[in-house]
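As structure tokens, one chain now follows by itself in the form predicted on its own.
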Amino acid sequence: MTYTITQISIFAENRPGRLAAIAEALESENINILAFSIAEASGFGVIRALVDDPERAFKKLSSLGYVVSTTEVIGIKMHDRPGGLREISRMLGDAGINIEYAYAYTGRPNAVLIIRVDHVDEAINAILSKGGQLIQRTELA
């Protein structure tokens, strides 16, 4: 099973209309955005997104002049209740795995935590060995 998910990261000027232009470009290719986060850094925004076709999204956005990269992340199902995040972060912390960044979305009965970690395989093993549930790549397609 493949538990890593390809995330695209788009680097764009932090100015009005940039997100709309990116969303429009993806829409024109019929690419669905499943989750995203935006971080600001020195006048630029970093948009991290899970999309249903990361390879096509990468090609489309690159062809429009955006700087785009891909990263493998992990999607973890977590209880959508107080303590859900603590349970998952404790599993990883106890295994000595650092979460570099994370974002989440909710959908009953589970929320999903998307994480970038320093040791992917070890994180997958830590979560699965403690009874955690991971999103498979095929669940996002």
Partner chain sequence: MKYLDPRIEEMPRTEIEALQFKLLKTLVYRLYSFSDFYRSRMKEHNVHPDDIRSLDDIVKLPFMYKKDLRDNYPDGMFIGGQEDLVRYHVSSGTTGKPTVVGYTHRDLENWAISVARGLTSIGLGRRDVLQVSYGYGLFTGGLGLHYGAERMGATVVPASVGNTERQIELIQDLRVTAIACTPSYMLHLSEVAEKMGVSFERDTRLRTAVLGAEPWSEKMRARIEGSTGIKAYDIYGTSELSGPLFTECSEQNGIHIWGDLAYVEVIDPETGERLGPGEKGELVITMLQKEALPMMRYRIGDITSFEDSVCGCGRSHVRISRIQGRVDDMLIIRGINVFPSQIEHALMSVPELGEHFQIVVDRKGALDTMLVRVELKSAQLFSDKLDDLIRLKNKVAHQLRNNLNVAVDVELVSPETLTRFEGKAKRVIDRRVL
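Residue numbers count along the first chain shown, from 1. No experiment lies behind these values; they were computed from the predicted model shown.
From this point on, the text means the form predicted together with the partner chain, which you will not see here.
>> Taking the partner chain as it sits in the predicted complex, is residue 107 near enough to touch it, meaning that at least one heavy atom pair lies within 4.5 angstroms?
In response: Judged by the heavy-atom cut-off of 4.5 Å, residue 107 is well away from the partner chain in the predicted complex.
>> I'd like to know if residue 69 sits close to the partner chain in the predicted complex, meaning any non-hydrogen atom pair within 4.5 angstroms.
In response: Flag for residue 69 set to yes.
> residue 46 near the partner chain in the predicted complex, any heavy atom under 4.5 Å?
Replying inline: Residue-level check for residue 46: yes, a contact with the partner chain.
> Does the partner chain get within 4.5 angstroms of any non-hydrogen atom of residue 36 in the predicted complex?
Replying inline: Contact check for residue 36: no, nothing within 4.5 Å of the partner chain in the predicted complex.
> What is the one choice in 94, 55, 100, 27 with a heavy atom within 4.5 Å of the partner chain in the predicted complex?
Replying inline: If I apply the 4.5 Å criterion carefully, the residue I get is 100.
> Looking at the partner chain in the predicted complex, is some heavy atom of each of 23, 50 and 60 within 4.5 Å of it?
Replying inline: No, because 23, 50 and 60 lack any heavy atom that approaches the partner chain to within 4.5 Å in the predicted complex.
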